[in-house]
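Let's start with one chain on its own, the form predicted on its own, as structure tokens.
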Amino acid sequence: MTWPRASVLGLLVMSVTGCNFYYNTLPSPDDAVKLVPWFDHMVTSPAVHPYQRWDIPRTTVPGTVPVTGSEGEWGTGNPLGVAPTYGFDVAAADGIINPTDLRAMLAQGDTLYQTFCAVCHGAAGAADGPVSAKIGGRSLLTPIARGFSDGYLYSIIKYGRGIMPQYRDKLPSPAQRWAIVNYVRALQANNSNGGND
């Protein structure tokens, strides 16, 4: 039986190119770096090592590293990284005081509310948004919603509660969350029918 010439040629090409007999004899790029003396002696150079002594200031570019602490946590969180746990300590939430003026940031609050909240709570807070009926979005104009403290509303935005998911990842700035709280309070104040939806 004779093999076709193409098969013989294919086997010959595979045998020549498939074996990299020279692979172990080529120098590694790591070996090439060692040929440059400057790289080899960087560790012993007389450069400044700012974190080896306590008396050298560790200044950073303003705004890049938080130095005033964080907002703190009062939510249940998700310590094990499993299914998300929504909710927060209500007493801690009610103890949070709104640090802004009610009229402050209303334009920003309007924009953020229409972007993140109106789809469920409605443009005016009456739970008449596009998906309100499908998911059970709540009216923000009811006496119950009016009775929530500013800290409670802020905590709902940050941590979520019930069917509402947390928005701390979408609204990472506390100022953004407070802007929405202020806007919700403005919606409640402007509602004339009492919000008995």
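Quick note: we count residues from 1 along the sequence shown, nothing fancier. Since we're looking at a predicted model, the values are computed, not measured.
Below, we turn to the form predicted in complex with a small molecule, even though it does not appear here.
The small molecule in the model of the complex comes within 4.5 Å of a heavy atom belonging to residue 137. In the model of the complex, none of the heavy atoms of residue 29 sits within 4.5 Å of a heavy atom of the small molecule. Not displayed here, the small molecule is kept clear of residue 130 by more than 4.5 Å at the level of heavy atoms in the model of the complex. Taking the partner from elsewhere, residue 120 is found to have a heavy atom lying within 4.5 Å of the small molecule in the model of the complex.
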